[in-house]
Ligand SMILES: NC(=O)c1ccc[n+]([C@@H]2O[C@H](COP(=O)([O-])OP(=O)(O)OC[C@H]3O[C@@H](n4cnc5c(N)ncnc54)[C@H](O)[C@@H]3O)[C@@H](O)[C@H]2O)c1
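Heads up, the chain below is alone and in the form predicted on its own; it's given as structure tokens.
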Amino acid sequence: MKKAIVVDKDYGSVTIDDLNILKEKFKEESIELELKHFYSEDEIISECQEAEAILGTGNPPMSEKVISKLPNLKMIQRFGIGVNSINLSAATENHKIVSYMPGFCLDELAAHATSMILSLIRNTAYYDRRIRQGEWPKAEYYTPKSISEMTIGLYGFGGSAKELYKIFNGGFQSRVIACDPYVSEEIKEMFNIDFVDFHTMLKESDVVSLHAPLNTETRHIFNEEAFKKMKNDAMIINVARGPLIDEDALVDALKTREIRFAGLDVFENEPLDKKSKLRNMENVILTSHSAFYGEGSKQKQLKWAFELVSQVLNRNTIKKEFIANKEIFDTNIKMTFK
């Protein structure tokens, strides 16, 4: 029987019950799925020597050290979009496939970002907090802007950004602009949107919503300098990756009113430190890295995890769209790419 191991079962993106259902399904494919939670690279190396597939529900440390010391490993399967904790170059060099799930939660991310934007603009979180404290803050706090007159700036124009564009441009008739130097001219022509540089997006946006991957180019791109370029009554929304934002700079920008609001689902370090100043700020909405969460996205996670792992281990085949380390196509790995 082939062996696969979930190395971070307690991460929380899927439940133990979900994983047990997946475990039973894998049995039908002659794959034994073990559910473990390891806390270090050395634990993964020690306990996964026989594994042909490693499944990460979160961001396990799949470094060059780990990958190079797992001779039987064929694939690493992420239960999400981000692969920043996986050394893709090392995986390719060692002929390991890294598969991920692009597009599994586009609707959920856009809906979550929308809920944060509307809650901050309409003061709903503020009113709820004050009422629960025994107050009645009728028509207080910041006067809400007209949503149709707002400019929504999208940093990154991938799948979830496109869904947010539909909501605000198509639904609320808001102006939408985007900063994404990697979007093709063909894509640009399909949308009623102005593609602008980073400085222009910061300067003109009432809302800046983040939808970009984390890499050396994007880490801390929202820093002290960036916040100073934003409108003083603007907000920033992050449902992408926490380290896109320098959190210390964000706290200062909120305190000094360089910007007005922040809605954050992801953070530089998770869980968010109990002493973080963000926890006590009235003009901030915090959620616990749950923007992906929904019935539809969960079904896709479990379905794709089952299909992708069983296809690789039992049929030596996989669809190209699910492969994160695209350079693997140019190696002599014995795999059929569809």
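Keep in mind that what you see is a predicted model, and the values were worked out from it rather than measured. In this text, residue numbers run from 1 along the sequence as written.
Here the subject shifts to the form predicted in complex with the ligand, a form of this protein not shown in this document.
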Find out whether any non-hydrogen atom of Glu258 is located within 4.5 angstroms of the ligand in the model of the complex, and reply yes or no. no
Whether Ala240 contacts the ligand in the model of the complex should be assessed with a 4.5 Å heavy atom distance threshold; does it? yes
Contact label in the model of the complex: Ile97 to the ligand, heavy atom within 4.5 Å: no
Would you please decide whether Tyr182 lies within 4.5 angstroms of the ligand in the model of the complex, comparing each non-hydrogen atom pair? yes
Looking at Leu106, Met150, Met230, Ala91, which is the one with a non-hydrogen atom within 4.5 Å of the ligand in the model of the complex? Leu106
Selected contact from Glu186, Asp197, Glu140, Glu217, since only one has a non-hydrogen atom within 4.5 angstroms of the ligand in the model of the complex: Glu217
Options 126-134, 142-150, 250-258, 206-214; stretch whose heavy atom lies within 4.5 Å of the ligand in the model of the complex: 206-214
So which bits of 257-277 sit within 4.5 Å of the ligand in the model of the complex, heavy atoms only? Asp265, Val266
